[in-house]
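Single chain ahead, by itself, as C-alpha cells, in the form predicted on its own.
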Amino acid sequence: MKSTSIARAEWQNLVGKYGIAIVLVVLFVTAGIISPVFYRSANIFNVLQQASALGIVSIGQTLVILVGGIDLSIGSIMATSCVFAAALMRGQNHLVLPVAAFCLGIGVLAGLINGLIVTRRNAPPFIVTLGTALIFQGIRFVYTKGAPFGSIPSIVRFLGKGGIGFLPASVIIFLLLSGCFALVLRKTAYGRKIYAIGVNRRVSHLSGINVANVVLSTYVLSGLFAAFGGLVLAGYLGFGDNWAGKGYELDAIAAVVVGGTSLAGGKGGIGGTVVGVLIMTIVFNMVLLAGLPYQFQQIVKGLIIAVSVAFYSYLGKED
C-alpha cells in the first residue's frame, strides 16, 4: 500500500513537471494532422505573432495571480494604449518614444489604482479591476467619440509585424521579458516574497514582508505589461481599435492557469505561462484552420480552463 502511494506521488510529480510540455507537443502534431497549412512558415510566423501580445500581458497576470489576486482590466488597458498610440503618434516615428512613454504611464496609473484599492481598502480584486476596465473603456470612447483615428508609425509596426530572421520581433521581446521575470521570481528576494504572500499572507506579514507594497507592485507591473502589450498589438493591427484588447484578460487567465499557476496563489511561474500561451494560441489557430466559427473559440477556451483546473487539482497543484 505504501509503495503504491509512493508510485502515485512520483507519477503525479512527473506529470506535473512535464505534462504541460507533452500537451504542447501533442497539440503541435495534431494541428498539422488537422490541417497541413499549420506547418507553413507564414502560419507559424503568424501564430507566434499572435502569441506575443497575449504572452506579454500574461506575464503581468502571472505576477498578480501568484499573490492571490486577479486582473480583469488588462484588455481595457491594452485597447486604451492602442487607441492613444494611433491618435497621438499620427504615423510619425519621432513621436514614438514620448507617446509610448505616455501609454505605458496609463498602464502604470491603472495598475496603481487597482493595487491601491485592493491593498489599502482590502477590496475584492475581481470587482476592483472590472471597475477599472470600465473606467478606461469610457475614457477611450469619450476621447475618440467612438471612432478611433490616427495611424501607427513604421517603428511600432515593426514591433508588431516585423521579424528578425525567422522570429517575429514581438516574440523576441516576449521571450526576453519572460526570461527576465522568470529569473526575478526564482532568484531574487522580491520573487520569494511574491510566492510567500501567495502561500500565506498573514505569515508573510508576521515574517516582516510588506505585503501591501509587494501586492501593489504586481498590479502596477500588470498594468505596465498590459499597456506594452497594447502597443505591440497596435503594431500588429496597424491602427487604433477601441476593442483591440477584447477578451485578452480571460485569455491571459486561461494561459496562466493552463501553465500550472494556482489561482489560489503561491504556485506556478513564468515558464509554465509561456507554454500555456503557446497552447492557447495553437488551439485558437486550430479552430480557425478547421473552418469552425469564432464562437467555438469561446467553447474551447472554457473547456481548457475547466479541464486545467480539474487536472491540477487532481495532481495536488490546487489547495
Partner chain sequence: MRKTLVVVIVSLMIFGICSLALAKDWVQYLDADKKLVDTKMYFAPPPWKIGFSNASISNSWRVFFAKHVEYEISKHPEIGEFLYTDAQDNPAKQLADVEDLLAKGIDLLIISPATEAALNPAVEKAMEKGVPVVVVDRKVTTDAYVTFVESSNYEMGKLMAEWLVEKLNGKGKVVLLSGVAGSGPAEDRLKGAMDVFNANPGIEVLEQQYCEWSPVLGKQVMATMIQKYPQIDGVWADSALQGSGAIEALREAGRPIPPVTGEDMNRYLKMWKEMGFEGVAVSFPTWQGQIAVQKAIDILNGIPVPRYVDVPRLVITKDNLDKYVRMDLPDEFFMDSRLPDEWLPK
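Numbering follows the first chain given and starts at 1. Take the two forms, find the largest set of C-alpha atoms that superpose within 1.5 Å, and that set is the rigid core. Since the model is a prediction, treat every value here as computed from it, not as a measurement.
As for the form predicted in complex with its partner chain, it is not shown, yet the points below apply to it.
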| 50, 148 and 161 all contacting its partner chain in the predicted bound form, non-hydrogen atom within 4.5 Å | yes
Q) Might residue 117 be said to contact its partner chain in the predicted bound form, defining contact as any heavy atom within 4.5 Å? A) no
- prompt: Within a 4.5 Å heavy atom cut-off, is residue 130 in contact with its partner chain in the predicted bound form?
  reply: no
- prompt: Contact between residue 72 and its partner chain in the predicted bound form at 4.5 Å, heavy atoms?
  reply: no
Answer for residue 237 alone: is it within 4.5 Å of its partner chain in the predicted bound form, judged on heavy atom distances?
yes
Per contact check vs its partner chain in the predicted bound form (non-hydrogen atom within 4.5 angstroms), the hit among 271-279, 33-41, 61-69, 253-261 is 33-41
Contact check, 285-302 vs its partner chain in the predicted bound form, heavy atom within 4.5 Å, ordered by sequence, gives 285, 288, 289, 290, 291, 292, 293, 294, 295, 298
>> Superposing on the rigid core, is the Cα displacement of residue 292 between the shown form and the other one 2 Å or more?
In response: yes
